[in-house]
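Next up: a single chain in structure tokens, the form predicted alone.
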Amino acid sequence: MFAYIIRRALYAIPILVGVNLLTFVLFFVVNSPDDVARMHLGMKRVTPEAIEKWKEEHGYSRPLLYNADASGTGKLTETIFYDKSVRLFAFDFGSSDAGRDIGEDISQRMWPSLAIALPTLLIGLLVNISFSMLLAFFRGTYLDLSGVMLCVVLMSISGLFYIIGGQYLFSKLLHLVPVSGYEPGLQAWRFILLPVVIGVFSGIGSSSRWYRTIFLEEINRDYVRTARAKGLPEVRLLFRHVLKNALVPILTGIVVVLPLLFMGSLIMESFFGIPGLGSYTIEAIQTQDFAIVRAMVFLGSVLYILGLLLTDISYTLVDPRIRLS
């Protein structure tokens, strides 16, 4: 098992290096530092002197890959590639184009994102798995058919409808929670309650229908028919055997949303005014602060690869056969 985990961890290194190199090419080769300076200064009537001054102030005046004027290791370290890309592997995100410390901003904004994403994930898993197992238990009945139709209806509705409708109903009409904003501390629950409820409710349709398909596939396997023939109760069969053997595809789906625990939801945080990493990324794109965008792309890649690694480890716990592969 240990060798399996080490092998999976080593696979992640070239992937992360490749993402870093691709990001560098997109931001510094396709879109040169001169282009970035023009976008910040204005496309019209920008003098070469103003461009060079802006590049000097923001650390874009160095050579891209090789500094022939430097000595020793400085030929490689005194470059844009080392300063803007290599340092990311040490989680040194540097400063934004506006002069703010990106690492400090991330450490402050990750907590509001976690406050929304973590309860949404855990409560959503509990609700979706329970609902889909209920449909699987009553498979082929009117309850199952009604549940599937409800899932299709929920899937067909845009997530923006849930957000706008929830704000109008619970905030403007019933005045139960604030429309938007955020307040740290004990009063934070008032601001995250509605986003969490909307996040859970909007995901019921697609997730429950997918889990139901997984459970029905497991129910039709030979070991389930054998256990049922031996007189094992249906409820015990579902929760003890079917659910356990269905964990592998369920864990595969969970890994997709793991980066969102830290990265935040772009749409949700923007509509509710939550100062998380999702709104942080949106603001950086709007202001064309590419230093923040690069940092968030790299951080998202690290979190996604870490999620894949954790998923591989969890596979070995729920399915011992994978340890031998």
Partner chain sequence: MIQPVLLWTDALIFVLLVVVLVFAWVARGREHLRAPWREVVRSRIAVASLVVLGVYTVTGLLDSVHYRKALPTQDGQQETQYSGDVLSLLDTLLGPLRTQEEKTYSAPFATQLYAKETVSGPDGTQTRMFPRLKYGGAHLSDPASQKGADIARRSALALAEAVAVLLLLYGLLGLRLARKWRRSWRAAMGTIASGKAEVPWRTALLTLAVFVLLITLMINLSAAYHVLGTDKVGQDVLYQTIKSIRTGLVIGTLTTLVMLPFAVFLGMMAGYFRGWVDDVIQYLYTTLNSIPGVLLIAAAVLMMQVYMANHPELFETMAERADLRLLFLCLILGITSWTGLCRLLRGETLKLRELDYVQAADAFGVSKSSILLRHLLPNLMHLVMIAVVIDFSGLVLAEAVLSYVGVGVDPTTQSWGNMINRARLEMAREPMVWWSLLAAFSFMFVLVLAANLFSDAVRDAFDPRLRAQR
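Given the structure is predicted, the values throughout are model-derived calculations rather than measurements. Positions refer to the first chain, counted from 1.
Beyond what is shown, the protein has a form predicted together with the partner chain; the following relates to that form.
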- prompt: Applying a 4.5 Å heavy atom distance criterion, does residue 311 contact the partner chain in the predicted bound form?
  reply: no
- prompt: Even though the partner chain is not shown here, does residue 109 get within 4.5 Å of it in the predicted bound form, heavy atoms only?
  reply: no
message: At 4.5 Å between heavy atoms, is residue 275 in contact with the partner chain in the predicted bound form?
response: no
- prompt: Does the partner chain come within 4.5 Å of any heavy atom of residue 160 in the predicted bound form?
  reply: yes
- line: For the partner chain in the predicted bound form, the stretch among 119 to 127, 144 to 152, 84 to 92, 97 to 105 with residues bearing a heavy atom within 4.5 Å is 144 to 152
query: Candidate spot 15, 27 and 296, all three in 4.5 Å heavy atom range of the partner chain in the predicted bound form?
result: yes
query: Of the options 267, 65, 50, 70, which one has a non-hydrogen atom that comes within 4.5 Å of the partner chain in the predicted bound form?
result: 267
task: May I ask you to list the residues of 274 to 291 that have any heavy atom within 4.5 angstroms of the partner chain in the predicted bound form, in sequence order?
output: 281, 282, 285, 286, 288, 290
